[in-house]
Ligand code: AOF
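Presented as structure tokens, the chain that follows is alone, the form predicted alone.
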């Protein structure tokens, strides 16, 4: 049954959600789930999140970590426990086997392999099941996985770093450093929570970036690097190509791209995928997203220039915008964060819902949900 949660349920579920965030972007094709086990005496017995690369599941880890008897306990889990066998055993069966008395679920799993079957199994086994506790918050974590399994595409999140007046660079393109060290470090943290990061070839040519996570302790959580390069202009001596053995790298190009160039890049450990072009000569975003979904990526971070950002915003497929703004003003000479959206009236523009503001030493990170 879906409940109006009490403060106690919200407190334990918020802890589970925070656990789920820890491994976001690092659980492979599986969702990042948080699980908290609470005793009959209302004490936390154990807690866990999904393992790296998706195994083991959070429920299994939490059960195995427990040093106390969990019979009769309540389990708080951020996504419906599965009841099918794959690389991991069915979590719903594990909970029943351990004689859990109540399971509180934040969000139902719409994955066709689950889709209410876990909840039904628990109820049929006389376990009390309540759902919907902090469901909106859970969807921000689970949304990428659920979108991929239902629609074949990842969630798309955009990162923008700009001056206080929304400019990303001077007229000549110079942007170093528009935000402070703390903002840039937080940007690297964002990379660690996404499966893949995407930029256009112009960003590679102008900045020669690595696009990895360079925060100490999180280097092994770098996302797959995806480059949109219509005519395969990427230099072989670029940092992206030179480090392709170390970091998973994919280049999307057009259907008529040189086979010779493709084979050369593939010998350098780069995966090259060809997609169609649209009338405006841009690569087909829908085809790109489907390929990214096939690769098992749940959450995609866009870090490109304003052309790439604008094209994805125009596609109406963006979930979140992470907007870093500095304490500098550039004025009319600067390059805008977002290009021409070809709006005929104000109502046609994307509507944003402010979720969070973080003060980063007089820079600010505003996180927006893009409303459909």
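Everything numeric here is computed off the predicted structure, so don't read it as measured data. Positions refer to the first chain, counted from 1.
What comes next is about the form predicted in complex with the named molecule, which does not appear here.
Though the named molecule is absent from this view, in the predicted bound form it lies within 4.5 Å of a heavy atom of just one residue from 127, 114, 285, 134, which is 114. The contact with the named molecule in the predicted bound form, taken as any heavy atom within 4.5 Å, belongs to 87 out of 207, 181, 87, 236. Heavy atoms within 4.5 Å of the named molecule in the predicted bound form are found in one stretch of 77-85, 259-267, 192-200, 245-253, which is 77-85. The closest heavy atom approach of residue 59 to the named molecule in the predicted bound form falls within 4.5 Å. Looking at residue 304, you'd find every heavy atom of it more than 4.5 angstroms from the named molecule in the predicted bound form. By the criterion of a heavy atom within 4.5 Å, residue 229 is excluded from the residues contacting the named molecule in the predicted bound form. Among heavy atoms of residue 145, some come within 4.5 Å of the named molecule in the predicted bound form.
Along 151-166, not one residue places a heavy atom within 4.5 Å of the named molecule in the predicted bound form.
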